[in-house]
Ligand SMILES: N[C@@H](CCC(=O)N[C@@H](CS)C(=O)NCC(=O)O)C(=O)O
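Given as structure tokens, the chain that follows is alone and in the form predicted on its own.
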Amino acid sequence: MTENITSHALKFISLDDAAAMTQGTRITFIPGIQALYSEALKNICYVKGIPVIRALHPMMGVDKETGEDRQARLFELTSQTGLPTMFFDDERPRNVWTEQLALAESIGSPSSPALIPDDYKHRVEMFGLCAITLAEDGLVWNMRILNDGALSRKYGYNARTSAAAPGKIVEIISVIDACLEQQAQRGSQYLVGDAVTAADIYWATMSMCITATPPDIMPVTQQNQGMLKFFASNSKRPEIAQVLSTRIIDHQRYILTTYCETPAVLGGDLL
């Protein structure tokens, strides 16, 4: 998509316009879809008080009319095709979550919470929890290879990796749950220390892929209804349901409703 569009009072500028701008924070989105990495970065920016300009992220695949790769321009601009791309002022684009987080921390409002702890022990804990949530072979990675499809094959789907994915998801949930339990015993509502960190924001957002998230947090749109049903079905898988504790659900809701914009604002066509 190359033209700017307006979707339910939200303006999405074109990728080319986003790349050409020399001021402001621009992040790529797909209107109406809570693409988790885009949604998480948006939440990080919201906590940090960073105004975000939304840009259109091109869909995967080939344009039926032209026969061209729809993401060719994105690759030309950023040397990758993942979602989201983050542009800031006239600096190089950021596509890796660690770089996006570091940038958000540096440009955020001075009065906003520090999402990267100053304490290095806490920083190690925070980045470790983020890694099992966001990084290769983490929660979302393994969620994507539960079933076969174009996106799952991009993330290494095959019979062996898909069969192993549920067990890895269960282990990750169990680690988070144990962390929350230990923190609760010392009187903290957060995953690390006594204040919100990036680990809380990333986990609360990304864990929507294994929960039935209510519409007061994640609205249903024409574009995301299938994705929401898939996420809800993941929560009903027996092995996942067994470890999906009340602590996990309560923490997700507390973080999203306390620190993030809820209901989420997606654009698209609301149902």
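Just so we're clear, the structure is a prediction, and the values are computed from it rather than from any experiment. One-based numbering along the sequence shown.
Note that the form predicted together with this ligand isn't included here; everything after this is about it.
A.B. asks: Should the three residues Lys168, Phe231 and Arg237 be counted as contacting this ligand in the predicted bound form, with contact defined as a heavy atom within 4.5 Å for each?
C.D. replies: Not a single listed residue reaches this ligand in the predicted bound form, so no.
A.B. asks: With the partner left out here, check for me: in the predicted bound form, does some heavy atom of Val96 sit within 4.5 Å of this ligand?
C.D. replies: Looking in the predicted bound form, residue contacts with this ligand include Val96, since a heavy atom lies within 4.5 Å.
A.B. asks: Does any part of Gln71 reach within 4.5 Å of this ligand in the predicted bound form? Heavy atoms only, please.
C.D. replies: Yes, Gln71 is a contact residue.
A.B. asks: Under a 4.5 Å heavy atom criterion, is Tyr37 part of the interface with this ligand in the predicted bound form?
C.D. replies: Because a heavy atom of Tyr37 falls inside 4.5 Å of this ligand in the predicted bound form, the answer is yes.
A.B. asks: Can you check whether Tyr155 is within 4.5 Å of this ligand in the predicted bound form, heavy atom basis?
C.D. replies: Heavy-atom contact with this ligand at 4.5 Å: present for Tyr155.
A.B. asks: Where, among 159-167, 102-110, 74-82, 179-187, do residues come within 4.5 Å of this ligand in the predicted bound form by heavy atom distance?
C.D. replies: Of the options, only 74-82 has residues within 4.5 Å of the partner.
A.B. asks: Taking this ligand as it sits in the predicted bound form, which residues of 115-154 have a non-hydrogen atom within 4.5 Å of it? Please list them.
C.D. replies: Contacting residues: Arg144, Leu151, Lys154.
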